[in-house]
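Before any questions on binding or motion, here is one chain by itself as structure tokens, the form predicted on its own.
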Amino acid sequence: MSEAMRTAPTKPNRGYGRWTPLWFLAPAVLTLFLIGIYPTLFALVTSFRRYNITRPREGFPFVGFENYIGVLTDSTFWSSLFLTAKFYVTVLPIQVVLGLIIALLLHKPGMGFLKSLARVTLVVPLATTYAVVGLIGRLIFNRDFGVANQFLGFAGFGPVDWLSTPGGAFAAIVIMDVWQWTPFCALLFLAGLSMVPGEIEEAARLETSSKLALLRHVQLPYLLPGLTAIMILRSADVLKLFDMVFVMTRGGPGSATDLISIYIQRVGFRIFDLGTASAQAILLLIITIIISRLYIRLLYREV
């Protein structure tokens, strides 16, 4: 009886057909197309046109690579790109070092409740939107009632006008970015450390008392994939960083915090030259892809 039941053909489900999987995938594919693929294609097409929305009577003629040539010969574009690179090489080492220290501390045995609490706490900065981080930064670095100047006052220093001086404004956005993204580095490194086989790590601890040797020869290979992911994601994030900087400084004072995304926004939505702004955005996309490929080629290693 049981054998007959096993060999009996199952009745087809009336609610499941040949196209059912596609209907389940359709909403996600449609959303991806609307918010990802279509804007990219639109920017690509626009970058080859003279597209100024304040002069619609002139039309949007095809100009070939004229916008790209204008961008590549624009000194302000290169200044903003250089400032963005300076911001990146400033924040990334701090975030990686602090994240690695936090991960190593959380990887130590013992203090289970405190470590669980710390892991939950690390998620808070990541869950905070960029605009809110910018508002928090404006409050922290306010000259009259900001927390930063309060601490400086306790140390015997006078108030600093953080957001009105070039050096202070740049330092302020660096500090806020480090605050928001150091937990991300810590969580990725902690995930890598959790992949280290316990018996290998224990044997290495018995062989040497040097924590640096343990990190270099045993733990580092498991940290490299996370480090590669951090560098790729942070590169793309810094190149498109806009909300936090715009809320805190609006690119000022002068051009002290005029990152490349701030400059593109100004070209596209203040000058309304969408053709040039689209060319700049496409060039940034190409730079991001090249940097990502270099990181994967140079840093990523299979364990």
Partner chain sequence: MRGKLLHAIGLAAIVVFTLFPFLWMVMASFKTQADILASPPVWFFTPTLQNYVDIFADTKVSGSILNSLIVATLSTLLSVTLATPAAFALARYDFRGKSDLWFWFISNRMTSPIVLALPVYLLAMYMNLLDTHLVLILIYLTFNIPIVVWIVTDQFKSIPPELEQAARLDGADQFTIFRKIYLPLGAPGIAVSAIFSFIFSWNELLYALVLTRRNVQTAPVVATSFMSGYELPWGKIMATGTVIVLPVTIFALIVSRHMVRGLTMGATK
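Residue numbers count along the first chain shown, from 1. Everything numeric in this text was worked out from a predicted model, so none of it was measured. We call the rigid core the largest set of C-alpha positions that still match within 1.5 Å between the two forms.
Just so you know, the form predicted in complex with the partner chain exists too; it's not on screen, but the next bit is about it.
Within 4.5 Å of some heavy atom of the partner chain in the predicted bound form lies at least one heavy atom of Trp179.
Using a 4.5 angstroms threshold between heavy atoms, Val71 stays clear of the partner chain in the predicted bound form.
Although the partner is absent from this view, Phe145 contacts the partner chain in the predicted bound form, with a non-hydrogen atom inside 4.5 angstroms. Although the partner is absent from this view, Gly110 contacts the partner chain in the predicted bound form, with a non-hydrogen atom inside 4.5 angstroms. Stretch-level contact analysis of 85 to 93, 72 to 80, 164 to 172, 130 to 138 against the partner chain in the predicted bound form, using heavy atoms and a 4.5 Å limit, identifies 130 to 138. If you take 97 to 116 and check each residue for a heavy atom within 4.5 Å of the partner chain in the predicted bound form, you get Ile102, Leu105, Leu106, Lys108, Pro109, Gly110, Met111, Leu114, Lys115, in sequence order. Fitting the two forms on the rigid core leaves the C-alpha of Gln265 displaced by under 2 angstroms between the shown form and the other one. After superposition on the rigid core, the Cα atom of Pro197 is displaced by less than 2 Å between the shown form and the other one. A displacement of 2 angstroms or greater separates the C-alpha positions of Phe154 between the shown form and the other one, with the rigid core held in common.
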